[in-house]
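Taking the form predicted alone, here's one chain by itself in structure tokens.
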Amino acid sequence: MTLFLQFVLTGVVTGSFLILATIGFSFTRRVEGFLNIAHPELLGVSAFTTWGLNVMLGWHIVPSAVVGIIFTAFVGLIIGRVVYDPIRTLGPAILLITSVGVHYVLGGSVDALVGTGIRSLDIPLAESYRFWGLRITNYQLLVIVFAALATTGLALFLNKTPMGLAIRAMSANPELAASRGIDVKSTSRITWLISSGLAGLAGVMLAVIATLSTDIAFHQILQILAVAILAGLGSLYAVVAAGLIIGIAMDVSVFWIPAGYRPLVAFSVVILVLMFRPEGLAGKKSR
């Protein structure tokens, strides 16, 4: 029983990471109206920027992580402005296909700059804490804490600030929002900064809890899509629920089947839920 509960706890950590990795993706989908397949590559940009500053230049992990997140936020903003904005009127299908190209460009650029091999941050070894026979490390706790803070902060921003309310209005009806005097371009820029910054935070957490290789971001695509689809591609709270469900399901499945089948378990959960709730956990149609 203890081993099973350990897998559940590990699943909560995995789910918390998936929440961090997916809320920016879902946020972009809701506001910009298309699936940005390049979003997971921003995790790699952040992770390797942090690694470069921390290991190659000898910076402390905290400023390295902060610069990595900020740099990733502006990379996402530049991509949004230079690549996606000029073709926005062509529709979500063209934007989706373009994002696949951006995904390969970002991945190829990271691969060319960093090269092959396994890397890790220059940080202290993880400290383990035990309670009720279960074990969790300080870095795993960090992932859970940042997932909670990011989700709460984004929810408060969207519901309590003028810019957040403007973003919600734009996501509901861009034309009506523009007619009401909302600066759509500024709102779009803030959306790209926030979503890319969240990807940057997820990338830092990925670098902290795992070793790094240049294809690590590619491996996150299917899991992020699974969480987003299960959530309903729009609701923040549904993303939280979906991330935890898939994270726990994948890690608990290791109790019975080989770990290599974890992605299969993720999409099996998605299919099972969508059979009974076709619009996802959010329970409403997305734009």
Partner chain sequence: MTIYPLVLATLTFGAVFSVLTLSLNLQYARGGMINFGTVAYFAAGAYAYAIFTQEPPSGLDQYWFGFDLPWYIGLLAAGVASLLFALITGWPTLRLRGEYLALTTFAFAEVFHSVLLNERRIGNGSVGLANVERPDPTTLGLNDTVGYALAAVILMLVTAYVFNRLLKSPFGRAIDAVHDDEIAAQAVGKDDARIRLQVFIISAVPIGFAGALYAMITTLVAPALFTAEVTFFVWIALALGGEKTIIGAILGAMALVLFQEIVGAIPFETVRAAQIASSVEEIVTGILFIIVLRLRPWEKLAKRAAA
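Residue numbers count along the first chain shown, from 1. A quick note: this is a predicted structure, and the numbers were derived from the prediction, not measured.
Same protein, other form: the form predicted in complex with its partner chain, not shown, and the subject of what follows.
At the 4.5 Å threshold, heavy atoms of Ile37 reach its partner chain in the predicted complex. Within 4.5 Å of some heavy atom of its partner chain in the predicted complex lies at least one heavy atom of Gly260. With a 4.5 Å cutoff on heavy atoms, Asp111 counts as touching its partner chain in the predicted complex. Within 4.5 Å of some heavy atom of its partner chain in the predicted complex lies at least one heavy atom of Leu222. Only one of 102-110, 67-75, 162-170, 128-136 places residue heavy atoms within 4.5 angstroms of its partner chain in the predicted complex, namely 102-110. Scanning Gly115, Pro124, Gly181, Gly153 against its partner chain in the predicted complex with a 4.5 Å heavy atom cut-off leaves one residue, Gly115. Exactly one listed residue, out of Ala210, Ile97, Leu158, Leu141, brings a non-hydrogen atom to within 4.5 Å of its partner chain in the predicted complex: Ile97. Within 4.5 Å of its partner chain in the predicted complex, a heavy atom is found for not a single one of Trp59, Ala148 and Leu193.
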